[in-house]
Structure formats: C-alpha cells, structure tokens
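Single chain ahead, written as structure tokens, the form predicted on its own.
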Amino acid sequence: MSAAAKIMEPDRRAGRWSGFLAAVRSALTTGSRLTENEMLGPKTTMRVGGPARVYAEPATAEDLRLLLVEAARCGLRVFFLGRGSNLIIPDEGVDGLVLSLAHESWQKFEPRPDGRVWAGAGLRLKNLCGLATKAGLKGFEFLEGIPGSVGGALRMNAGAMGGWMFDVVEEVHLMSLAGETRTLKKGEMHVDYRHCAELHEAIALGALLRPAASAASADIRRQIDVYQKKRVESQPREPSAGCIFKNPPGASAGRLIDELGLKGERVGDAEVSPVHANFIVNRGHATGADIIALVRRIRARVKSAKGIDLEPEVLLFGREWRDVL
C-alpha cells in the first residue's frame, strides 16, 4: 500500500462503517439492538477486553441476515459472541461487527413429539440442562457446568465430564456470512476436538438434539449434583475463560504446567490458578495484555522443559494467537 493510500485508509474505513450503519439502522426491527463502541469485557467470563466497533443483538433471523449481508457488502469483518466463556478479548477491542444471539427469541427449548429437542443457539447450557431435567430427558447433564450457550458449544464442540456437545446433536441449523440458511445432519459436519469446521464461516441458529433416554427428574438431578460437586472441587471460582490450552496428544496441559511449578504464576492480576493449572484467573483488574503475556510465559516454559508447543484452546477474539505468541 502506498503512503497516500495509507493516509486515505482511515477515511475509507469510516465511510464503510457509515454506509453500513445507515443501511441497517432504519431496517432493523424494534426488538434488535445496535450500538457503537460497546464494551465487550463485561460480556465475558474473564471480564477483560475493550469495545466492539459495532455490536448488534438481532431479534429475528431476517435481522441477522440483514446485518450479515450489509456487512459483506461494505467489506466489514464479522465476529460472533456467545456468552463469552471460551475467549479473551484484547484491550484494544474488536474492529468489526460483533453479533450476539442474546435476544430471548434465540433461547427456545422445544421438545418434539418424536423425542428430539429443539434448542436455540442463544439458550444457556445451564438452562438447557434445567429444562431437560424438568422434562425428564436424560443425556445433557455433562453440559450443566459449562458457562456457555448452545451456539458456542456447537462451534467449539464443548465437552466436560467425558461428554461432547456433538454426542447429543442430530442436526444443526446455521446461517452463512452471506446470509444463506442451511440445515446439516451431524454426519455431514466436520467435528473434532474443540472444533466444528462448518461454524468457522457461519453462525449456528440452533440444533435438534437427541436425549439419551427418558428418566425421572430426581435421578437426572442427582447426576447433575455429582458433576457440580466434582467441578467445585477441581475448578477455580474466580473469573476465567475455562481451560486455556488444548491437551496435547497423550498428555494433559494442566499436568504439564503443574509439574513445572507454575501454579500461582502471575502477570499483573492474571494468575495461573492454584486450583487447576490449565486455568488463568482474573484476580480483580487483569487486562488482556496481562493474560496474553502469561500465556506466552507458560508456553515458553513448557516448550523449554518438555519440548511441547501448547496450543491455546480459548479464542483470541478478533485476532489470531499466532500474531501475538
């Protein structure tokens, strides 16, 4: 890019944003939210991070489509934010359109006559488990303690207590960045550890889930209580983003970090949890920069001592880890 083009680029970008906002503001339904420079840190479980250039909560599929189509037309980057439980937001924020399916219209839980359940992408996993328990539907208990939404769990194939999100999925309804809707059977999707390829360039609208069986609500509740007790004993209660690193093949990231005596290691108010070494917790006033610096330090120590490159499991929202590590 020439020097003159670099000087002109901020004006071009401002023009694209102005065009986008002018196109969508008058067309969105009254139930949708659209704001500029909204802080994202409070919307995450780690409680750190700067603002979104533009933030939107569409109330309908048509509003979501409008936002996606106009963003594509204006050449704007789009990011999807669930309940913010598996990501770190940089201090400078996100230079793009951040979309969240936080409106109640995306939080439906609908048992079907054939035994399946429709779960909207914005439904909290905790609520999914609670509603399934009341309905006497077994098989979702492992999701109860994951502080995310159905959409985020689909994108990351969230797992806990030996279970994985796609263990209970039959089909996923999604919308591409071009605003096109599709329905995919589980067998048509490319899913593996903490990853669903089809949801990298699309947003999940919801999924049809298959319970494992019917059971008495009290029996389901007892299993949830067992899992809750295990989590309380093994995971920190301070703000965190869950496990920071993926487990390398044949090893445990938490065990590797613990063996190097890194529990309690700090950068600012970001700390390796004394309870679980694969968690970084916010001790009160941590910044995104603190967390990134601590991730670098942990990776360097493990690489030096063990010869293993730990790969982050959490997302660096709006950026790529390879650019900062």
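Computed from a predicted structure; not experimentally measured. Throughout, we count residues from 1 along the sequence that is shown.
Keep in mind that the form predicted in complex with a small molecule is missing from the display, and what follows is about it.
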With the distance limit set at 4.5 angstroms and only heavy atoms considered, check whether Glu141, Asp167 and Ile220 all reach the small molecule in the model of the complex. no
Of Gly93, Gly84, Gly242, Gly122, the only residue with a heavy atom within 4.5 Å of the small molecule in the model of the complex is Gly242
Would you mind picking the one in His103, Arg231, Lys126, His173 that has a heavy atom within 4.5 Å of the small molecule in the model of the complex? Arg231
So in the model of the complex, does any heavy atom of Asp258 sit within 4.5 Å of the small molecule? yes
Heavy atom of Phe279 within 4.5 Å of the small molecule in the model of the complex: yes
My question is simply whether Ser252 lines the interface with the small molecule in the model of the complex - judged by any non-hydrogen atom within 4.5 Å. yes
How about Val191 - does it come within 4.5 Å of the small molecule in the model of the complex, if we only consider non-hydrogen atoms? no
Counting only non-hydrogen atoms, which stretch in 204 to 212, 103 to 111, 175 to 183, 154 to 162 is within 4.5 Å of the small molecule in the model of the complex? 154 to 162
